[in-house]
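Only one chain comes next, encoded as structure tokens, the form predicted on its own.
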Amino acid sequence: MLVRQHDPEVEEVTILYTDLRAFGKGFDDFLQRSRDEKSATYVRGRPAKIERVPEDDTLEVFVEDTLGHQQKRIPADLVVLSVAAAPNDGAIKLADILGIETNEYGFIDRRDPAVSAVETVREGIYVAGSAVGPQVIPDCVAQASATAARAQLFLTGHRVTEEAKTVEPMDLSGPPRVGVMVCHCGINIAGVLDVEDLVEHARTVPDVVVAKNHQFACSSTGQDELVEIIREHNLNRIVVAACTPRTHEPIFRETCARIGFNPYLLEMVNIRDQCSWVHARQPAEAQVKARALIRMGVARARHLEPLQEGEVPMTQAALVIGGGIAGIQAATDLAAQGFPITLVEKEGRLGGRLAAPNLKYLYPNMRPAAEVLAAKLKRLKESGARILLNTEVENISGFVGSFDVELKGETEESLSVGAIILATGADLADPQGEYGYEKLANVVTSEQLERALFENEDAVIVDGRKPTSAAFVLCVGSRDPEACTGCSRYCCPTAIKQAIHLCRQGIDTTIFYRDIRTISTGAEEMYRQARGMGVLFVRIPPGQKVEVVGDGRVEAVRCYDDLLARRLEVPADLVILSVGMRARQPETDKFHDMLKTSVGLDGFFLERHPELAPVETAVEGVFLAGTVQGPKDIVDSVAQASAAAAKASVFLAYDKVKQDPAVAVVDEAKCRACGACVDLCQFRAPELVRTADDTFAARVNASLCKGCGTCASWCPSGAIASKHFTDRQVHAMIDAFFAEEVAS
């Protein structure tokens, strides 16, 4: 997609693959977008050889299209090898030095790959990211935070705290002296925009003292140069034209604050997302737009005001909602650090789907689930966390540092906490008559088969009979354009694990699939083991479904075999539907209404940033753990739970919490107490209060306000102003937008 955006002359891109393992949150939608935009042609097949064509010095790729059932010679000017991730050259040596182990491939080995993503065989040494094997960025970030949580536990009672160094504020008074830094960002910006031209244009804008460019403004060298520019030119306003402020503004604000430059005198202009990315095929128009955005950014910066962060007391206690494996882990990690933790579970026991009779063994090492749960519950009890069973959250109000929670059930009480971790889990899809489910006695879900294995792992009994042949149907309720479009991650490895168990009982087993996605540690090896044992894998075409045949009971499964290019009928007296995950209801809607945490199109809670902040929400002090954020297996749920605990502990470690000053304020003299702002605000920040002269006026709770400006734009009397986004600043931007057009 990027090649086609940055080089329109590229006429065709072909991707050769075996399985499309788009297993992450939003990955399948991304893949579908690629297909819809025709950015690439997807061919299932591995190349046999690549040869140079002497006549025109191009390349020719020899490949068998296993779905099209033909040999192909694909001409190419460039062949890109998508190489596998390999262990670091020094991994084995480092492992020897540290006294830890590596696996057969040379990656760092985990103590228990079925449960922990970060613990090695040696206490006090933890591992994160691709050191243990190939990982995607969100998993790396979650595991990194999880290792921080483990390290915090290990160092409890031994930490040395340092007093924060105070920085003398710079004198930023006087007329505006604006500095502009324009970022190349590699080809992300400079591949479309003329950065030198943008710098020259910035120098012509009123009150700009200096304008420069940098290859990567957010890098350490870029930040150092920013500091030099501020000091050398005695600047009191900064404009950075680069990437989105959503992810990069905190970096620049932190640099400004480090030298005593008020961070709210910084303005960011997003010329990547809003210019080079969206207008890659119209570079001339993108250049005009980028120049206008920089003009507008400078105009706004001239009217920025220095703001000071406020502070509110922090209640150094946390609430964990949900008593599954994620909730247990999060509560344990926080309570073991000495924080008062309350774990609330609506059922009468802890463990969720890990508890009997839901799970027998955990892949890939087939560790008994009961053994894992017992160990986790023992550590939870030792941590000192308070556990409330048969209890539900009735209401939550307040804000980070001071959430007021009302509980009902066996325990009815109110408590105050500083942070909340949502770990309410997910539901499994209900096939609702699909594939003969609930109509044919021997059609079961993967969860029901797991319970049958729990009852008798040596001779599984379904509907009073021991089957002789079994068929798994994958992606039931997942990768479905009419339901859940994404992958549920856990289904493929679970089906393979269960198939191995059935195969050991002498049951002929077939798995019907679209793509095999064995993405967790050890799952690929399980896949190879199953094939070696005789489990048959049948690929069905996208958009097609298998046909379950039988009267009262299943007798066979029919489908079109994509690889054999013909229809098959496979005998089966047991059909297992590998059901995907769904957002749990009504819990998701309930906590969305209470906390105003965002929900994605897939129905799961939305993380603040899919890669940089996978366990945080847009609501400060509210974190996500486990499948409440999206489908995942146990080891990833545990890692994310520890990551959420680590992030929560950052808030809870302080007796005060910082307050963003970019909030709405009310001029009570202008307010006529109509209450429109109270009705409009989804964060419940404004309220009507009695004033000193015994009248009513609106007042905004700065701790609840998100600075969105909705109330300010609707206020009929103009009594509400949004700090950092004042009318004067916005009007200046509008005037600057038209300034060059008028001049021309």
Partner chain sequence: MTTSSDSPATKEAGATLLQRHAASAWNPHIVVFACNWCSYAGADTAGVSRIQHQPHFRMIRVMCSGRIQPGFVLRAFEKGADGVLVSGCHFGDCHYIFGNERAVEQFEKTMNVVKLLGLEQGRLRLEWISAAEGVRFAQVINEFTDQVRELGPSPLAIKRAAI
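Rigid core here is just the name for the largest C-alpha set that superposes within 1.5 Å across the two forms. Fair warning: this is a prediction, and the values are worked out from it, not measured in the lab. Numbering follows the first chain given and starts at 1.
What follows is about the form predicted together with the partner chain, which we do not show.
- Site annotation in the predicted complex: the residue of 42, 27, 714, 696 reaching within 4.5 Å of the partner chain with a heavy atom is 714.
- When the partner chain is considered in the predicted complex, only one residue from 273, 197, 371, 569 comes within 4.5 Å through any heavy atom, namely 273.
- Of the candidate stretches 171 to 179, 255 to 263, 284 to 292, 220 to 228, only 284 to 292 has residues whose heavy atoms lie within 4.5 Å of the partner chain in the predicted complex.
- The partner chain in the predicted complex comes within 4.5 Å of a heavy atom belonging to residue 279.
- Contact between residue 244 and the partner chain in the predicted complex is found at the 4.5 Å heavy atom cutoff.
- With a 4.5 Å cutoff on heavy atoms, residue 598 counts as touching the partner chain in the predicted complex.
- Contact between residue 188 and the partner chain in the predicted complex is found at the 4.5 Å heavy atom cutoff.
- Residues 706, 707, 708, 709, 710, 712, 713, 714, 722, 725, 726 are the members of 698 to 726 with a non-hydrogen atom no more than 4.5 angstroms from the partner chain in the predicted complex.
- The Cα position of residue 665 differs by 2 Å or more between this form and the one not shown after fitting on the rigid core.
- Taking the rigid core as fixed, one finds a CA shift for residue 388 smaller than 2 Å between this form and the one not shown.
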